[in-house]
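Here you get one chain, nothing else, as structure tokens; it is the form predicted alone.
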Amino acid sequence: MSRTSTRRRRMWTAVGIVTILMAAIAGGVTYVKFFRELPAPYFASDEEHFLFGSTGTEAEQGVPYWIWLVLPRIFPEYLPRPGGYAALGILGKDGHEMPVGLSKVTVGFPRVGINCAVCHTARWREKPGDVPTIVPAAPAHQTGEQEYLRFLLACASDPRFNASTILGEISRNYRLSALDRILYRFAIIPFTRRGLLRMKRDSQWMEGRTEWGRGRIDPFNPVKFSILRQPVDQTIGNSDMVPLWNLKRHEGMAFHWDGMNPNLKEVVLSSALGDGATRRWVDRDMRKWDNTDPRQMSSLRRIQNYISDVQPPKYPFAVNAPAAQQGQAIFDSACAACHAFGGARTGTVIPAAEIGTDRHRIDMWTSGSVAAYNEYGEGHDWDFSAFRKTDGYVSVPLDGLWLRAPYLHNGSVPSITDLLEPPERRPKQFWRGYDVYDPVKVGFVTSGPDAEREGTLHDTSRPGNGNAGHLYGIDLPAESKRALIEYLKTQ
């Protein structure tokens, strides 16, 4: 072999080695910067985990943290008022980087996802100047989840959602490395925009339907259309947020407003999937379900443990004890069968024909969806088998009733006082989402300039918003109603 051929062979060998090394380096950088998942932050208490922990939504549905952080500053016009994400009813808690209901996990780069607390943590005040009290596991009556989604989608639709604008704003908070600036400019920011615009296309079904409004969500139409691949229909599933406290005592009862599933583990698992967790993440989390070490335990198991035991807050205002005692007798004779723990019908599905409330939420959940969800976990260590179709609403226990306002499954009646009135005398329009409490009517303040500024209008004439039905107690004498309300404050 000639000396020239030997040199040529060595040259190509060197080129091959360099190419392999460069490919390995590029592959390593790609893995580290885009796919490597670091352990989610650990929170010592189950409550903190509930409020800020990960439920696996970051990888697929998460927004890059640095982009998420600066969007309210770049696009304030897409918020209902000044205040950043707080203007959407998203809660902050002292000592924590992330708001309540939002988790931060590194999957290649830091990403922000939602968790259970975004829909299940409330805020209330006695009067406007007070520091708000935050109550985990309570219905998030103040949160505008649809508003949050639409804010992100509006930002992505704006031509200012570009690398130069976003990187310039990020630099006011943090100095990205040279490599990260390149990755954000040419990959992360463009990919994020495309992902949000794809989400916008997938969310077109929402247009033309009744708005969710503060404290409400259509939890299962997104599942039907995106996860279960059911045909897009015209149903409306708008529902009030539900409390997640004391669920150990609810054992054997049906869950969700229509009682679609009586198995708490399936409800917790399917809720994570509905919020955007991947089956891959769930596979990994379910393998740790029986681990008793909190640092190694399943994230969803910790959440189930917490909501099984956490207790509702006591009514914080004075109660007329003699009136409440009279009200208890009325409750025992007229309400306990459906709403007391141990009642013959408590936790069961009451037929829609009997209860007479707006039935849009029932009609949203179809038999096809039931079959598809019960098949969704096939081939995995976890599975679903308890989803079902019903034709009514669950008669729930009334623990923590004072903080569940507004009332009925769609949040169409602002206070307990209003609920004991005939439907024609219940408010036809009111503002949802204001956090100042009205202890006289037993509900939140729903009128006036502050409520209008901070809330969203609930119009009972809109499809899915009807306030008819639940006629129990409307014929009681005024004095008996007052006594019953006084007792209900103690629940």
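Keep in mind that what you see is a predicted model, and the values were worked out from it rather than measured. The first residue of the sequence shown is number 1, and the count goes up from there.
FYI, the form predicted in complex with a small molecule isn't displayed, but the following is about it.
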Notebook entry, point to check: Of 381-389, 79-87, 102-110, 244-252, which is the one stretch near the small molecule in the model of the complex, taking non-hydrogen atoms within 4.5 angstroms as near?
Noted result: 244-252
Note to self: Whether T55, R345 and Y393 jointly form a contact site for the small molecule in the model of the complex is the question; each needs a heavy atom within 4.5 Å.
What the structure shows: yes
Check: Among P136, G377, G327, P219, which has any heavy atom within 4.5 Å of the small molecule in the model of the complex?
Finding: P219
Margin query: Between L91, V370, I350, L71, only one gets a heavy atom within 4.5 angstroms of the small molecule in the model of the complex; which residue is that?
Written below: I350
Check: Can you check whether H409 is within 4.5 Å of the small molecule in the model of the complex, heavy atom basis?
Finding: yes
Note to self: Within 4.5 Å, heavy atoms only: does H120 come near the small molecule in the model of the complex?
What the structure shows: yes
Check: Taking heavy atoms and a 4.5 Å cut-off, does W257 contact the small molecule in the model of the complex?
Finding: yes
Margin query: Residue-level question: is S239 within 4.5 Å of the small molecule in the model of the complex, judged on heavy atoms?
Written below: yes
